[in-house]
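Presented below, as structure tokens, is a lone chain in the form predicted alone.
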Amino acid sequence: MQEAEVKVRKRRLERAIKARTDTVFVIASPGDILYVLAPRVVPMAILLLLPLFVGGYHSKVIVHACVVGLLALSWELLASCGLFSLGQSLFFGVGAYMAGAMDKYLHLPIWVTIPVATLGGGALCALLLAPVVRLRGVYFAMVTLMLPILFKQIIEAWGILGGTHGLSGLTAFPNEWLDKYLIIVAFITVLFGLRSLITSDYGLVLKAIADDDRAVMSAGINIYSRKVQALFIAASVASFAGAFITHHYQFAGFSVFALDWAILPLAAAAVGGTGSFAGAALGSMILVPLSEALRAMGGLRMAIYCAILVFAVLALPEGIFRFLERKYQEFETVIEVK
């Protein structure tokens, strides 16, 4: 007898395991569990294990990528509540100089300077920008762009905080493993922490402010107070990165207010995909190693780097993360029709 023909059909994995909401998952098998967890666990595991296999110059690249990642995450938080910032270099520089000043003049240990600079930098930046949170779009961005230049000119004109020479000879981390894993763990913690924050009731209010602030005001919520709170959180994240880099290089100078610390996080968020903290994180992990890889090109480095950025934005306007997420959810398997 001839065997009956087996009928098969394609099943999209994402539709088989995910309910039609973003928070409820129906797990049917270990394979489905792996499908859900792999995009979250595998990249973090690689990042945590990478310092064990690379060292020297390459470990510096990992550290730099995590620092830029923290700045990109802080930018994404502000963008989530409708604040377009070009002031990541302000937050970064304030945290760097605070940590450097406490180390140089007060001789405080690292475990004091970094936390105090993190919270103190966040509070100072939120206080400085509180009067201008009523500004929208490019006007707020212009203020955040000008303040780092103002701080730099004040330090140079008054000769404070080391003047043009900066603060040098600062305390280094006790060992290189603490140096590397402190920034990596901080990067992962901030990534998942901000993702949880923005999906909470508090975060939903922030996103609603970006969508329709008048409607939020009509509900009796003080949107300006919420924006200042978001500023404090974002500035604290960036100030931590600045305080870390001060002890990492044992120096704090004008370079911490450089425009690179404002533009590179913005580029990372754009390439990775705005509207997603994972996109900002992914963008930083791509752009920083790419920038270092092109260093051997000499004068052509910036031209090639800019061309790659333009191509990435034009080819994938949704961002690399959104593209990978969509493709991952389109995986299909063949199953037998009973």
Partner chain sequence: MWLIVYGIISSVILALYAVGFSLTYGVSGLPNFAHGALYILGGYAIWNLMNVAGLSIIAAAPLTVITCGLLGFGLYWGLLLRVRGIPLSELVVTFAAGVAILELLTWSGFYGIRYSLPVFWEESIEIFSVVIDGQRILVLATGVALVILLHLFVRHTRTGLAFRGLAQNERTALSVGIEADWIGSLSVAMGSGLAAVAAVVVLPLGMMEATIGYEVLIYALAVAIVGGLESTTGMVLASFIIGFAQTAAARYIGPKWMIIVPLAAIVLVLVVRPSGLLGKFKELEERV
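Positions refer to the first chain, counted from 1. Being a predicted model, the structure only gives us computed values, none of them experimental.
Although not depicted, the form predicted in complex with its partner chain is the subject of the following passage.
Undergrad: Please run the contact check for Asp213 against its partner chain in the predicted bound form: heavy atoms, 4.5 angstroms, yes or no?
TA: Answer yes; at least one heavy atom of Asp213 falls within 4.5 Å of its partner chain in the predicted bound form.
Undergrad: Determine whether any heavy atom of Gln153 comes within 4.5 Å of a heavy atom of its partner chain in the predicted bound form, and answer yes or no.
TA: Looking in the predicted bound form, residue contacts with its partner chain include Gln153, since a heavy atom lies within 4.5 Å.
Undergrad: Quick one: is Phe192 in contact with its partner chain in the predicted bound form, heavy atoms, 4.5 Å cut-off?
TA: No.
Undergrad: Quick check on Val185: any heavy atom within 4.5 Å of its partner chain in the predicted bound form?
TA: Looking in the predicted bound form, residue contacts with its partner chain do not include Val185, since no heavy atom lies within 4.5 Å.
Undergrad: Out of Ala123, Leu197, Ala141, Ala258, which one falls within 4.5 Å of its partner chain in the predicted bound form, going by heavy atoms?
TA: Selected option: Ala141.
Undergrad: So which of Pro109, Gly169, Pro174, Pro131 gets a non-hydrogen atom within 4.5 Å of its partner chain in the predicted bound form?
TA: Comparing distances to its partner chain in the predicted bound form, the residue within 4.5 Å is Pro131.
Undergrad: Within 4.5 angstroms, counting heavy atoms, which one of the listed stretches 115-123, 101-109, 233-241, 81-89 is next to its partner chain in the predicted bound form?
TA: Partner-contacting stretch among the options: 81-89.
Undergrad: Within 4.5 Å of its partner chain in the predicted bound form, do Ile149, Ile263 and Met302 each have at least one heavy atom?
TA: Yes.
Undergrad: What residues, if any, in 306-327 have a non-hydrogen atom within 4.5 angstroms of its partner chain in the predicted bound form?
TA: Heavy-atom contacts to its partner chain in the predicted bound form: Cys306, Leu309, Val310, Val313, Leu314.
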